[in-house]
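This document opens with one chain alone, in C-alpha cells, the form predicted alone.
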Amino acid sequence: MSTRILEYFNYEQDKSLIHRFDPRTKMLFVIVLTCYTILFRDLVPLMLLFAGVTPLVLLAKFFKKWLRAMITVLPLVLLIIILNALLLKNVPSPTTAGLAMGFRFLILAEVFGIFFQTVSPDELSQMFIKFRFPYSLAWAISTAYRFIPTLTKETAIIVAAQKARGLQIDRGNIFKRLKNMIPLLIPIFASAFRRSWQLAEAIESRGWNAMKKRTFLYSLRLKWWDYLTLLLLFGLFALFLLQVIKQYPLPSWMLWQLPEKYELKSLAIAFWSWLKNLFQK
C-alpha cells in the first residue's frame, strides 16, 4: 500500500494542458484550494469542490493512477467517516460531519496529486529559487522529490526479497505486523543512507555550490494563460478572506444533512437490537 501511495506523487512527463502551466501558478492553486477545503465544513460544498477539481485530473492525464490511489486510500477514508460518525459529540449530524471529513481528505489528496504529477523536480527547484529561497535549500527539496521513485522501487524490491525469505508481512494481528516491519526498515534505511553518501560525494567532486550565482539551461516564464489563471486565483483568495472576515451564511441547500434515521449510530443501534432479538428467539 505504501509504495502505491508514493507512486501517486511521482512526476509523470506529459504534454497535457495542466503541464503547460507554470509551477508558481499551480502552487497558488494548491494554496487556494487548501484554504477552501479547510473553510468549508458542510458536506455539500465539499462534494461540489471535489466534483469541480476532478476534471483537472482528466486534463492532467493521470486518471488511472488517481483512481488506483483513491481505491488504495478508501479503507482510510471509511475509517475517518466511521470514527467521526461514532465519536463526534455536540454536532447536529455526526455522520454528515464524517462524510465531510472524508471528502476533505480526498480533495487534498487530489489537489496535491495534480501538483506533484505535473511539476518536475527541475521546475520545483527553480520555483523555490524564484521565491528567493537559498539555492542549497531549493536543491535539497528537489533532490528529495527526485528520489521518491527510486526509493519506491527499492522498497518494492526489499519487500519482495524479504517475502521470498519467508517473512510474513501481511499475516497476524496489528502488533505482529508492526514487528515484522523491522526487517524491512533496516535495509530501507541502509539503502537510503548509502545513496545519500554517493550523492554527496558525486556533487562534491563536481564542485557543487562553488559559485554563488547559478545559471540554468531553462528559466521559468509566466505565459498569458498563467496570468489569467493567477488573476482568477487571487480573486478566489480574496473571496476566501472576505468569507473568513464577514462569515456570510451559506444557502440552505448547501447546509443539507442526513436525516436522523440514517445516522450511523442509529443504524448500528437498530442492527444490534435486531440481532439481539434474533438470538433471543
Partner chain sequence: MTYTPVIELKNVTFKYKNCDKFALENVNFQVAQGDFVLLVGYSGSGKSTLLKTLNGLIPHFYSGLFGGDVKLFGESIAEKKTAQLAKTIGFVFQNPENQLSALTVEREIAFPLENFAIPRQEIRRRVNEIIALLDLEKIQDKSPFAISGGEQQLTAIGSALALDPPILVFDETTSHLSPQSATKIIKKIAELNREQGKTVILSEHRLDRNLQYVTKIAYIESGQLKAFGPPREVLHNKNYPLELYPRITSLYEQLKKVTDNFAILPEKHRKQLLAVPEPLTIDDFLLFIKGGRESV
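The term rigid core refers to the most C-alpha atoms you can superpose between the two forms while keeping them within 1.5 Å. Numbering follows the first chain given and starts at 1. Keep in mind it's a predicted model, so treat the numbers as computed, not measured.
Note that the form predicted in complex with the partner chain isn't included here; everything after this is about it.
Checklist entry - Within 4.5 Å of the partner chain in the predicted bound form: all of 83, 103 and 265, by heavy atom? => result Looking in the predicted bound form, the three residues 83, 103 and 265 all stay beyond 4.5 Å of the partner chain (heavy atoms).
Checklist entry - Out of 72 to 80, 175 to 183, 144 to 152, 86 to 94, where are the residues with a heavy atom within 4.5 Å of the partner chain in the predicted bound form? => result Selected range: 144 to 152.
Next on the checklist: Given that the partner chain is not shown alongside this chain, does residue 213 nevertheless sit within 4.5 Å of it in the predicted bound form, heavy atom to heavy atom?
Outcome noted: Answer yes; at least one heavy atom of residue 213 falls within 4.5 Å of the partner chain in the predicted bound form.
Checklist entry - Is residue 128 close enough to the partner chain in the predicted bound form to count, meaning some heavy atom within 4.5 Å? => result Answer no; every heavy atom of residue 128 is more than 4.5 Å from the partner chain in the predicted bound form.
Next on the checklist: How about residue 206 - does it come within 4.5 Å of the partner chain in the predicted bound form, if we only consider non-hydrogen atoms?
Outcome noted: Contact with the partner chain, yes.
Next on the checklist: Can you tell me whether residue 195 touches the partner chain? I mean in the predicted bound form, with a 4.5 angstroms heavy atom cut-off.
Outcome noted: Because a heavy atom of residue 195 falls inside 4.5 Å of the partner chain in the predicted bound form, the answer is yes.
Next on the checklist: Between 199, 190, 140, 169, only one gets a heavy atom within 4.5 angstroms of the partner chain in the predicted bound form; which residue is that?
Outcome noted: The option sitting close enough to the partner is 199.
Checklist entry - Does the C-alpha of residue 202 move 2 Å or more between the shown form and the other one once the rigid core is lined up? => result Yes, its C-alpha moves 2 Å or more.
Checklist entry - So, does residue 191 move by 2 Å or more at the CA between the shown form and the other one, with the core held fixed? => result The answer is yes; the displacement is at least 2 Å.
Checklist entry - On a core-based superposition, does residue 139 travel 2 Å or more at its Cα between the shown form and the other one? => result It does, since the residue 139 C-alpha is displaced 2 Å or more between the shown form and the other one after the core fit.
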